[in-house]
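In the block that follows, a single chain appears as structure tokens, in the form predicted alone.
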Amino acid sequence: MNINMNEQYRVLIQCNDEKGLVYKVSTVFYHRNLNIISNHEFVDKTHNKFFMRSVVAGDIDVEDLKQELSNVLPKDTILEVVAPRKKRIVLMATKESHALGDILIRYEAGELDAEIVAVVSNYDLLEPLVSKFGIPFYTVSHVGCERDEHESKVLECLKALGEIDYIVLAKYMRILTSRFVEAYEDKIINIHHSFLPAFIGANPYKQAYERGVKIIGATAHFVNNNLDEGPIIAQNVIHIDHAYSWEDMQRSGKDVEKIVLSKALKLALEDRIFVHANKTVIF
């Protein structure tokens, strides 16, 4: 029987650990004549949690495969079988262009397996940039609005865009309320201009300068209800010295920010991230 290698599905499993899980899952794949393209697994011994990401190819009925896997896996297993499709993402920004522009360029170059549905901002300053890429731009101004009122308008805008797999905060400088976060739980990716957990909040470069740090970095993380404390996806640093002013640090930091954010987005688009206990397992 010929196997269609172009139809590759991602099987994502998160459950309590027990003996024989890899064998049981592989046996299901074998009996369904599926070819395993790649397979990764990890056991968090502290929480007795098993994580597995498999890429398989073949003639797949998603619901039948999920049912058969569920029959051999522990109760309360979190199981996904992801069919091949481009994920729909929305970018949100305020005034700064470096993170947004980097994603748009990578998208234009075909580096992101996604569809950018729109860019949403509370200012219209970045619309000329976005228009160059033929992507819809929506301005939802916060001027003259209470926070809840403005957020309601943003949520209405996002709802009108249809299904959204991920929201990327490309330097969107508005604090999101719990209502917003819960509406898109584990779907909001933020870039923080600091090597978390150090220097959270506003102007971390000035904080870092005042502490005389020798490295600066950036952190991409999922957003939760605790400011800058969501599960970390990706981080990176660069070395600096005493000659850097905080403005110099900020300029250098922007290069790290855009690289880290793009890396985190790519991991999410490829379904490589598992979230558990406010941490991530990444394959």
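A quick note: this is a predicted structure, and the numbers were derived from the prediction, not measured. Start at 1 with the first residue shown and count on from there.
The same protein also exists as the form predicted together with another copy of the chain; that form is not shown, yet it is the one meant from here on.
Looking at 140-148, 160-168, 127-135, 76-84, the stretch with residues near another copy of the chain in the predicted complex, meaning non-hydrogen atoms within 4.5 angstroms, turns out to be 127-135. For the options 213, 183, 154, 118, the one in contact with another copy of the chain in the predicted complex, meaning a heavy atom within 4.5 Å, is 213. In the predicted complex, another copy of the chain sits within 4.5 Å of a heavy atom belonging to residue 39. A residue is said to contact a partner when one of its heavy atoms sits within 4.5 Å of a partner heavy atom; residue 236 meets this definition for another copy of the chain in the predicted complex. In the predicted complex, residue 97 approaches another copy of the chain with a heavy atom inside 4.5 Å.
In the predicted complex, at least one heavy atom of residue 105 sits within 4.5 Å of a heavy atom of another copy of the chain. Residues 30, 31, 33, 34, 35, 36, 37, 39, 41, 42, 44, 45, 46 are the ones in 30-53 with at least one heavy atom within 4.5 Å of another copy of the chain in the predicted complex, listed in sequence order.
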